[in-house]
Ligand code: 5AD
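The data below hold one chain only, encoded as C-alpha cells and taken in the form predicted on its own.
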Amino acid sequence: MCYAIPGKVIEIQEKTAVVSYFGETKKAISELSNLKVGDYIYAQGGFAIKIIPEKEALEILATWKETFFDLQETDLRLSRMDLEKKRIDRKAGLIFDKVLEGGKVTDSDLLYLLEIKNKETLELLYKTANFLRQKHLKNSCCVHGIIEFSNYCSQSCSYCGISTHNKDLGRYRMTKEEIYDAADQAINKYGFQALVLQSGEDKSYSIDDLCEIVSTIKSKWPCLIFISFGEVGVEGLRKLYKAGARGLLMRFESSNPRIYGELHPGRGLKSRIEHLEAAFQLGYLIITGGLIGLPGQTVQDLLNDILLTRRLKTEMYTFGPFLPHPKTPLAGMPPPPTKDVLKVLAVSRIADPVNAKILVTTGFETLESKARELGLMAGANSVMLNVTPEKFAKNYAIYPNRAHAGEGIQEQIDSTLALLYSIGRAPTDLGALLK
C-alpha cells in the first residue's frame, strides 16, 4: 500500500519502482515511460500514477514529515496488544497465541473464531486483527472515491434497491461530460488519486462508451481507476484494461451456489467466479467479498466466503451486511448484528494478515453509526467516500437510509480525516489534502 504523499524513486527494477517515504520503502509498478531514479511520484494500489515536480514534492514532504511520524506513533500505541487475558475462551486464546507468533492458522481455527460469543474474547479477536494490520501494513488507510454514474440495472437481484424490482426509484444516467466533471472535481479539487466508476448493469453504455470514459479520465487526470459495472465479459475486461482501468470491484456475495442463485435469478456463481479469475489474470487489482447475514447463511458459509476471497488473490476484501431494500422480494428480512460484521472483518485479517486491504463498507456504516471506527480498530484499513454529484447520489438507493446521504464531499472528507488522525492512520488517495 502506498501513501498519498510524494515518494522518491530510489531504484527501478525493470517495470518496478522502489519508492522511499521518509526511509520506509514500498514498490510500485511503473507504466510511466519517462520515470527515472530520483523522481518523486504519487503511487496508488501498487501503481506509479504520476511524476511530481521536485520543488512541489519537497514542499509537501517538509509540511508533512512531523505529522507522518506522529500518526505512526499513535497507531503503534493503539494497536499494542494487552496480553493480560481475563475471562478469555481458552481455545480462542491458544489460536491468538499461534497467530501472534506467526504460526499457521487452520480453517477450523478460523471457523472457531467466527463462532465466538464471549464479549471479552471478541474484544481480543479485534485487537489481534488490528495488531496484525499494523504489523504487516503499517498505518496507511485507503480512501478511494466512488462515482455512481447510473442507477439503471437490467438485473432482478432479490434484495438490491436499484434492481428491476424497484418500480418507484427515480432513475438517472450521467452523461460522459457529467462523469468527466465529477472526476475532475474529485481529483483536482479534493485530491483523490484513486476512483471507482460504478453503475448498475446498464446496457445503454456500450463497452466502447465505458472504454472512452476510462481512457479520457486517465489521460486528462492521471489516477488509479477501478471499474464496477457488473459482468462485462472477458473481452470487455480486456478492452477496459487496455483503456486504462486497473482494478475491478465486484462482489461474489455468497460462495454458496444455492444462496447465490436465490439472490440472482438467472445467474450462476460459476460465471461470477470465472469473471473475477479472468480479471486477475489480465492484471486487475481485485476488490471482492460477500454479504453477511443472508437468509439461510451459516457460519461455515461465512468462512467459505473468506477463503474464496483469499483464493481469488483479492487486493481488497469487501464484506458488508445484508440490507434488503423494502421494494424487493427479500424486504423485511433482518440485517445481521454489528458483532457479526466485525467478526468477519477481523477473521479476514487473520486469514490474510500480510496482503489484505479490508474495507469498512457504507453498508456497515448504514447498519452501525460507529462502524468506521469499530471496523478500522478490528483489522480494516480502507474506506470509500461518495464523490457522485449530490443530485444523482440520492437515487443510488441500493438499500434504504444509506449512510452519508445528503453529505457534501468536503463534509465526508473532513469527518474521515478527523477520525483517521485520531487513531493514527495516514490517509492515502487524498494527496492534495495532506497539506
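Numbers follow the displayed sequence, beginning with 1. Please read all numbers here as calculations on a predicted model, not as lab measurements.
What comes next is about the form predicted together with the named molecule, which is not displayed.
Undergrad: How about Ser150 - does it come within 4.5 Å of the named molecule in the model of the complex, if we only consider non-hydrogen atoms?
TA: Looking in the model of the complex, residue contacts with the named molecule do not include Ser150, since no heavy atom lies within 4.5 Å.
Undergrad: For Leu291, is any heavy atom within 4.5 Å of the named molecule in the model of the complex, or not?
TA: Yes - in the model of the complex, heavy atoms of Leu291 and the named molecule come within 4.5 Å of each other.
Undergrad: When the contact criterion is heavy atoms within 4.5 Å, does Pro321 count as touching the named molecule in the model of the complex?
TA: Contact with the named molecule, yes.
Undergrad: Using heavy atoms and a 4.5 Å limit, would one call Arg251 a contact residue for the named molecule in the model of the complex?
TA: Arg251 belongs to the contact set for the named molecule.
Undergrad: Heavy atoms, 4.5 Å, the named molecule in the model of the complex: which of 381 to 389, 49 to 57, 368 to 376, 394 to 402 makes the cut? Say which one.
TA: Of the options, only 394 to 402 has residues within 4.5 Å of the partner.
Undergrad: Tell me, out of Leu276, Ala245, Cys160, Leu124, which residue has a non-hydrogen atom within 4.5 angstroms of the named molecule in the model of the complex.
TA: None of the other options qualify; the answer is Cys160.
Undergrad: Gln155, Gln198, Thr314, Gln297: which sits within 4.5 Å of the named molecule in the model of the complex by any heavy atom?
TA: Exactly one listed residue reaches within 4.5 Å, namely Gln198.
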